[in-house]
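Before any questions on binding or motion, here is one chain by itself as structure tokens, the form predicted on its own.
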Amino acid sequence: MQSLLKNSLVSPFTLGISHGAAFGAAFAIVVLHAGTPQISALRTSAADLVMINSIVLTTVCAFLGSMMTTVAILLLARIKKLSSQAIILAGIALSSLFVSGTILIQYFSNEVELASIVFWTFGDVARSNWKEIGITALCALPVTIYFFLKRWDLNALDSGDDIARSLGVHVDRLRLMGMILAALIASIVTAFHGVIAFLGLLAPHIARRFVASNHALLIPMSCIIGAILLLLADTAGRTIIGSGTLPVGVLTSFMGAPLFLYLLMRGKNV
């Protein structure tokens, strides 16, 4: 997403795509009755606190919520030709919109549904089972391969749209398809695990410290670093609290928020 929109502050969280997916998942839980908690949803010590009655329905609703944000961002970026800073502001506005929508759904939900939504927004991987891991892997693997095959197009895009077009890159098609696929992965992850903030912002910036901006190396390195960061955050959450686990989304927010502020203060290099 950072390469497609040419903005180093971009991630599914900062653009509001994760919040849109969370709104879709909340809609499926309450309105379509796709998920119900088995026991107290205010603890995350077990992997099966929330049972998904319909994995497909929850994922589809999450994807539709994320796509609403993606389409809005692409339309604003293309039609209104917003600057990089304006795109981030638009993402913040969309995040606020979907958070408000989620709160509205919570207001009209009963206690069981409310507990399920609150648990969902924690952002935690402790609830995963092999079925969900398998679905996520089946979706993430071909998308990762697609972006890796488009590595030279992404390198050209870093030099500007005009230069990329002169090199034979279909810029609009690449940007549209890339954002849709990235939103698909974000929606699936959010549908299964809630909002895990800033991980998509942290991993590429750390990877660039090692391999610069060559996407042939940057894409696999970002995947590896993202996995390591998630594993470390989850491990820390399990050791900080003796009983149960601290939601991994809390720890990634603590890691990502300072980086986000640092990038904002750099200003001219964003």
Partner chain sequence: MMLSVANVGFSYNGRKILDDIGFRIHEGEMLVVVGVNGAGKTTLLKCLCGILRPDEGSIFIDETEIAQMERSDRARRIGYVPQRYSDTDTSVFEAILLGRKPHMGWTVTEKDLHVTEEILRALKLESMALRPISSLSGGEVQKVIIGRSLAQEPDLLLLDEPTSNLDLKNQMEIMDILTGVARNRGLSVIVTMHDINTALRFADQFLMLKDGRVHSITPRASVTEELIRHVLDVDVIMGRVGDYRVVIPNKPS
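Numbering follows the first chain given and starts at 1. These numbers come from a predicted model, not from an experiment.
Below, we refer to the form predicted in complex with its partner chain, which is not included among the displayed structures.
- Only one of 24-32, 232-240, 208-216, 61-69 places residue heavy atoms within 4.5 angstroms of its partner chain in the predicted complex, namely 208-216.
- In the predicted complex, at least one heavy atom of Asn155 sits within 4.5 Å of its partner chain.
- For Gly134, no non-hydrogen atom is located within 4.5 Å of its partner chain in the predicted complex, even though that partner is not displayed.
- In the predicted complex, no heavy atom of Pro142 sits within 4.5 Å of its partner chain.
- In the predicted complex, Ser166 approaches its partner chain with a heavy atom inside 4.5 Å.
- Shown without its partner, this chain lists Gln85, Ser159, Ser100, Asn129 as candidates; in the predicted complex, only Ser159 has a non-hydrogen atom within 4.5 angstroms of its partner chain.
- Scanning Ile92, Leu75, Leu149, Val112 against its partner chain in the predicted complex with a 4.5 Å heavy atom cut-off leaves one residue, Leu149.
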